[in-house]
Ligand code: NAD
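The chain that follows stands alone, in the form predicted alone, written as structure tokens.
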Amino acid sequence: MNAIFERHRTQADRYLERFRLAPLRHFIAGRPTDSADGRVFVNATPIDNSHLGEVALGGAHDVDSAANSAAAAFETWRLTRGDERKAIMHRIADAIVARSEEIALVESVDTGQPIRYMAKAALRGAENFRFFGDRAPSARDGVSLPTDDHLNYTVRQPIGPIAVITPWNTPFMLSTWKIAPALSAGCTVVHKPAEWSPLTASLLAEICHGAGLPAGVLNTIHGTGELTGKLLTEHPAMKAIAFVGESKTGSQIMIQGAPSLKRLHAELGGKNPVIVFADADLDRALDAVVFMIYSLNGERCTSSSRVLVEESIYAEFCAAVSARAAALTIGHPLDPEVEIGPLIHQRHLEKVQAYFAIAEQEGATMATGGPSWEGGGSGNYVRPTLFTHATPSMRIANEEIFGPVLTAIPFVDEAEALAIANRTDYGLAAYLWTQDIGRGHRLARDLDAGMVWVNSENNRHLAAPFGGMKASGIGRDGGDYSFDFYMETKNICIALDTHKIPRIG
């Protein structure tokens, strides 16, 4: 055991002790709060499925308290000057950086994500607060639209309290990705983190309150999607729902919010293609393909889970991917050398493992990998896997597995590559490797995906729009696009007293 690994384990135990000693509570109106009925649920680590502690289970009274707290705080927060919101958000970012080790270690144990990625995720959370904090002073800005007889101008105003529901993969960073623009816009938030990874959401609530965010502006309530999430999305005080998760759940949330006409922003699943042509820089393409499916345990909405390879290089390229996948280091996520950790939960492990039998039944070849890892003990481990000789109609080529499982499909020409890439219900991201500039532009234009990277892995630019097409989502995050969701745009028309008013009667 290396010294850094041992230090990580010691530090993580110290940070996690508080969660073992007492149930993790909600954070409502600026203070930790137990569930009104005293109910709790158990939180386990995917490393060995041992208990990390109990978590308060939010019911109707708790959701009502959080929603009403956000509604009351909105009346003040919406009027807070943009430069004041900016200052608070920068203090939050500073506090995230100061506690980044704690956030990373806790999240690594809670989710099973390797620490090599979680350390960066915590810092990206701080970056989200700085980026949107800088935009707070101009969030309400509009445009001037003059005519000969009237002056039209627009202003933006925050829509109101927001229900933010976030997933269990990289939960801290994804929570900040939703909460930061909402606060920048002048909205208040009730945040329900995923029940499988609740710990760092409470750290975020503590950090925000300690940095001077007024009580009630950010409320955190724990619980299941079926109970707590449903109560939150149906609550009349919530004016909009920002959701990140699987497509089926997004559809259910849309139904729940429909009676009260809630605005919905949904960042959903994906079955993202990476298309590799024979003329590509194959060394760089190989690095990107391996990274974008096997990093973060494959539990990433933008993972390139289908690799479409030109037929002339299919065998060679798949052999290279197989060798790299087999060489990945699997193990305890707090070990800095580990590249693949355990999957989030036993139920998710079973889902991922089921696709191995499906692949065999459909006739695909398992070039490397397997449904379990012999060194995993009682943890939720799957070996990084590559399926070859797959066809576009197979379930492993169409359904989101959400694990370290890659499906390789050959294609003959550009037209076939495009047809295969577009045949799924999803349309979140796509990746394209070619040195033909015309082909790169053509395919980027024609791919059914909200985001396309050409000759690159997923490269994050906070000002760019982030979101998907088809079953992959509704709306866009990032830069000013976020304010289109969190704010209402109002037009004001002022007459210059020169136009003729119609006269009747």
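Residue indices: 1-based, along the sequence shown. These numbers come from a predicted model, not from an experiment.
The same protein also exists as the form predicted together with this ligand; that form is not shown, yet it is the one meant from here on.
**Student:** Counting only heavy atoms and a 4.5 Å cutoff, which of 280 to 288, 82 to 90, 327 to 335, 400 to 408 contacts this ligand in the model of the complex?
**Tutor:** Answer to the contact question: 400 to 408.
**Student:** Would you check, heavy atoms only and a 4.5 Å threshold, whether residue 275 touches this ligand in the model of the complex?
**Tutor:** Answer no; every heavy atom of residue 275 is more than 4.5 Å from this ligand in the model of the complex.
**Student:** Can any non-hydrogen atom of residue 466 be found within 4.5 angstroms of this ligand in the model of the complex?
**Tutor:** Yes.
**Student:** Residue 270 versus this ligand, in the model of the complex: is there a non-hydrogen atom within 4.5 Å?
**Tutor:** Yes, residue 270 sits close enough to this ligand in the model of the complex that at least one of its heavy atoms falls within 4.5 Å.
**Student:** Taking any heavy atom pair closer than or equal to 4.5 Å as contact, tell me whether residue 346 reaches this ligand in the model of the complex.
**Tutor:** Contact with this ligand, no.
**Student:** For a quick test of understanding: in the model of the complex, does each of 160, 201 and 487 have a heavy atom within 4.5 Å of this ligand?
**Tutor:** Verified in the model of the complex; spot residues all out of contact, no.
**Student:** Which residue among 434, 295, 256, 100 has a heavy atom within 4.5 angstroms of this ligand in the model of the complex?
**Tutor:** Selected option: 256.
**Student:** Heavy atom within 4.5 Å of this ligand in the model of the complex: which of 205, 428, 242, 183 fits that? Just give me the one.
**Tutor:** Flagged contact: 428.
**Student:** Counting only heavy atoms, which residues in 161 to 176 are within 4.5 Å of this ligand in the model of the complex?
**Tutor:** Those in contact are 165, 166, 167, 168, 169, 174.
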